[in-house]
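One chain comes next, on its own, written as structure tokens: the form predicted on its own.
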Amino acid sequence: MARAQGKVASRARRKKIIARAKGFQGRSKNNFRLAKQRSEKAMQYAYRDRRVRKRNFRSLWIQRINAGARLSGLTYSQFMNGLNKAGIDLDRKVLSDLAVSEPLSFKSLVEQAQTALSK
């Protein structure tokens, strides 16, 4: 009996990696060895950057909250401390959205934080 060579499976494996490398530059998109290396590296970057994206958004939210709080005369840390003392439990994403889209609502939160700080 003839030996099975697995050509169909090998071709499918290679096609999957070449398809993953679509959009890469140079030989990296059609040379199997390079496509395999580049796509593995790309997947490492993707894994890492899914976590980095969360850090970047948190940093952006903090900057927006700080800018909104400073318009009313508080720093970010004072504002967050005042919110904690006032018992207001909103996350940074919601606070930054309020600071950008609804400044009057955010200003009322800042005032509540100021009164909680002064007590």
Partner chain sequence: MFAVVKTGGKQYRVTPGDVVVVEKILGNPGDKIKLDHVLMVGEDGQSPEIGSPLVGNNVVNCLILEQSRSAKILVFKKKRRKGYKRTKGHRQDHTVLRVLDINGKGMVKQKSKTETTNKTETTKESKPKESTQTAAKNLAEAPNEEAASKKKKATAKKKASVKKKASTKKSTAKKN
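Please read all numbers here as calculations on a predicted model, not as lab measurements. Positions refer to the first chain, counted from 1.
Below, we refer to the form predicted in complex with the partner chain, which is not included among the displayed structures.
Note on the partner interface in the predicted complex: the residue among 62, 71, 88, 34 having a heavy atom within 4.5 angstroms of the partner chain is 88. Although the partner is absent here, residue 10 is not a contact residue: none of its heavy atoms lies within 4.5 angstroms of the partner chain in the predicted complex. In the predicted complex, the partner chain lies within 4.5 Å of some heavy atom of residue 44. Interface membership of residue 27, defined by any non-hydrogen atom within 4.5 Å of the partner chain in the predicted complex, is ruled out. In the predicted complex, at least one heavy atom of residue 50 sits within 4.5 Å of the partner chain. Heavy atoms closer than or equal to 4.5 Å to the partner chain in the predicted complex belong, across 76-106, to the residues 86, 87, 88, 89, 90, 91, 93, 94, 96, 97, 98, 101, 102, 105, ordered by sequence position.
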